[in-house]
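Listed next as structure tokens is one chain, alone, in the form predicted alone.
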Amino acid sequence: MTVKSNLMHSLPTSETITRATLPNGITVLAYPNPSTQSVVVSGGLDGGGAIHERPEHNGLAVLTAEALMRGTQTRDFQTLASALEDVGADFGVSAGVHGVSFGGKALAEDLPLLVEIMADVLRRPTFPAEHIDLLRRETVTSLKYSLQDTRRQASRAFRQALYPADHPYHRSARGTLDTVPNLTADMAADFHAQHYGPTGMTVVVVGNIEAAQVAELIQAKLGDWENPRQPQWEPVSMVAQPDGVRQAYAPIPGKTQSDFVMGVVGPARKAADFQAARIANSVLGEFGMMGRIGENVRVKNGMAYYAYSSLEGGHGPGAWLVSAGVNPANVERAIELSLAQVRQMAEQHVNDDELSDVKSYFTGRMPLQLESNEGVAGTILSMVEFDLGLDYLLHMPGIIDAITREDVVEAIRRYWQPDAYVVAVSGPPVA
């Protein structure tokens, strides 16, 4: 057997993943792992994300998803909880900007129960008014708490300054203190009725399973689900880069630390230069002790409690940002030191050692991500979600290895301009 053949049989690939499409459009993928006694179900659907809610109903998508486990037409909240607890299983649903994610874990013998509960909560929730009220009050409490969190307020101010007011990334999916108190059980029920359905739905099952039986099991519980009202996938609009320096400030009296978030619009996951930008970001502020930014801002100059960079990727133009927590007296200096690292990368090639180390890190951690059923399920779901192909893991090392120093520098030059970025600071009021 060749080395390539050995690799193909040790990774989730098109040869080892069983894929089926149900008549109503649901994609089912099964990957057997007989070395475990458990099974993981992970999935998502295109509808139900915050991108579909009206601005005055901001937070409705998240509230709707959180309420699904609070009762169905066949099980109330306590019955749902007991059914899972009695067999040591779990299941949950959450919503983001673009869609809904769901997943759970159980012993392999309890997969039928897990699929039954999954179908029940996705298809037949009842949105009990008392639970909607509780979830709404919990969200309001969290939002009030965030008003005293300099890190969260800096992030919020940054996104509001980077994205136009009519862009879904401008808003927080959690909602605001103006919108959440007005959300009702009827709104959640209507949102569910319109946006949840089989279109764009993917279910991944990994564990001690018979792959051929998985599609039959899901077909039995979800195969007759239809929703003509469910909208088609709607991509978010692109966003222009800042044309200068945009500054935002969110003062919080009584704080002894300031946090800043500085950045630009980055590439989507499907962008041709995403992997080059990902390597550039790792060198800039992730690898080792938070990359060059961590080394220079935090370690050498002692300017920050934390300092790093982050590249969001995803379905739309997510942010490429630098974030740090600093003494209020050091904010301007820490920002300048961070910018200096960005400019240095744009002006000079990444050195061979940095590039080699980061490449080795990316390819070396892949097997670690596949050590658990959860890791395998999440990887398969990502390959489907971003149209990477089921053989992506076979090609990924070659994709990473082919990236040159010039590719990395070109990526950071394309997105980061020396005097065009957004910077948001939250901390004690400036005297």
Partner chain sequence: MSKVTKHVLDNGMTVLLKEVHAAPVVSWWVLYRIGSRNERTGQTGISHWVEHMMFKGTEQFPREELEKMIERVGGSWNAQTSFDYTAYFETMPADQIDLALRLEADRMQNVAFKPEEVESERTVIISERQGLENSPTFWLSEEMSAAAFRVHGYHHEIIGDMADLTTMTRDDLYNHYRTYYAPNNAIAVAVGAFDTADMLEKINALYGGIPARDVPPLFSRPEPEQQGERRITVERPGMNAFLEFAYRVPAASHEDHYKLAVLASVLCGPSSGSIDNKTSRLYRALVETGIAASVDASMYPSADPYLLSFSVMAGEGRTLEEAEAELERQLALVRDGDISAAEVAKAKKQARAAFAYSNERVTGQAFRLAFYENLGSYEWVESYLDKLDAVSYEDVIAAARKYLLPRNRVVGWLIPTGLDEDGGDEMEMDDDGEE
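Numbering follows the first chain given and starts at 1. Model, not experiment: these values are computed from the prediction.
As for the form predicted in complex with its partner chain, it is not shown, yet the points below apply to it.
- A residue is said to contact a partner when one of its heavy atoms sits within 4.5 Å of a partner heavy atom; D120 fails this definition for its partner chain in the predicted bound form, lying far away.
- Contact annotation: E85 falls within 4.5 Å of its partner chain in the predicted bound form, judged by heavy atom distances.
- Interface residue remark: Y305 is counted as part of the site for its partner chain in the predicted bound form, having a heavy atom within 4.5 Å.
- When contacts are judged by a 4.5 Å heavy atom cut-off, F287 counts as touching its partner chain in the predicted bound form.
- Residue-level contacts in the predicted bound form: of E138, E226, E332, D186, one residue has a heavy atom within 4.5 Å of its partner chain, and it is E138.
- When you look in the predicted bound form, the only residue of G325, G96, P168, G318 with a non-hydrogen atom within 4.5 Å of its partner chain is G325.
- Only one listed stretch (310 to 318, 191 to 199, 296 to 304, 209 to 217) carries heavy atoms within 4.5 Å of its partner chain in the predicted bound form, and that stretch is 296 to 304.
- No member of the trio Q73, A240 and P418 reaches its partner chain in the predicted bound form with any non-hydrogen atom inside 4.5 Å.
- Along 136 to 166, residues R137, E138, V140, T141, K144, Y145, L147, Q148, T150, Q153, A157, Q160, A161, A165 each place a heavy atom within 4.5 Å of its partner chain in the predicted bound form.
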